[in-house]
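Below you'll find only one chain, the form predicted on its own, shown as structure tokens.
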Amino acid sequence: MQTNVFFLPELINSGTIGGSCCVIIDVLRATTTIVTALANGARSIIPCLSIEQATEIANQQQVLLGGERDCVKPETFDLGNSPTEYSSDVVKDIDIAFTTTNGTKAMLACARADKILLAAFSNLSAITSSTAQESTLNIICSGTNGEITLEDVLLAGAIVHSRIEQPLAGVNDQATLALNAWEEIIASDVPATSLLDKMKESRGGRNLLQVDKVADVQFAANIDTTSMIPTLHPTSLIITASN
């Protein structure tokens, strides 16, 4: 089996995408929020590259507008990008047009893959179980404004760790680096505390702390709170839930 990690969408080797399974990561916060929304009963998520595209969809059909730019909810949107905003009483049986600074770009960059799944720490075991038999797995980190982010690398490493029986076999160098970062976490005395501390120190974590969103970092650090896996359908480019 081949396992590739790409620390940024810009680093994707386009030749590996077709015919593969891609896992998209934006721990802080897009994929964490989408997992939460669908687990709480949202009908679908429509990823959009721009605020204008999301707004146009809202003008044509009944949807909620969700997302952020630079960690802040756009003025005309119903919801931001905090996973706690997407409770069942808000999103159940609702479609959501969703756009973020980084995550939705990474999702749409993989539209040629056979299968596109969204991962967060909250559905880690479900993701690793679902992808265990994939012959080629491409793990795409969203990063932040074109820069690598530690929180995404750590989750990528956790997924790589689940697939590697003999370390360094069948992986690219970015997968090896991600694996090494995750193994530092699980080797610590209290892995859950170590993970949260690292996420607070990360670029994404620091950005959220600056806008008083520490609760979002804490939420995103919780592992295995759901078995729900968001799937981005390559033809419709709409995200729905699967278990």
Ligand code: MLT
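Heads up: residue numbers just count along the shown sequence, starting at 1. Note that this is a predicted model, so its numbers are computed, not measured.
Just so it is clear, the following notes concern the form predicted together with the ligand, a form of the same protein that is not shown.
Tell me which stretch of 183-191, 41-49, 56-64, 23-31 has a heavy atom within 4.5 angstroms of the ligand in the model of the complex.
Heavy atoms within 4.5 Å of the ligand in the model of the complex occur in 23-31.
May I ask you to choose, among N81, N138, S122, T149, the residue with a heavy atom within 4.5 Å of the ligand in the model of the complex?
The residue from N81, N138, S122, T149 that makes the contact is N81.
Using heavy atoms only and a 4.5 Å cut-off, determine which of A126, I159, C71, A109 is in contact with the ligand in the model of the complex.
Selected option: C71.
Does T131 make contact with the ligand in the model of the complex, using a 4.5 Å heavy atom cut-off?
No, T131 stays farther than 4.5 Å from the ligand in the model of the complex.
Given that the ligand is not shown alongside this chain, does T101 nevertheless sit within 4.5 Å of it in the model of the complex, heavy atom to heavy atom?
T101: contacts the ligand in the model of the complex.
Using a 4.5 angstroms cut-off on non-hydrogen atoms, would L177 count as touching the ligand in the model of the complex?
L177: no contact with the ligand in the model of the complex.
May I ask you to state whether L195 is within 4.5 Å of the ligand in the model of the complex, using heavy atom distances?
Output for L195 is no: heavy atoms all beyond 4.5 Å of the ligand.
Which of the residues spanning 192-223 lie within 4.5 Å of the ligand in the model of the complex, based on heavy atoms?
Stretch hits: a single one, L208.
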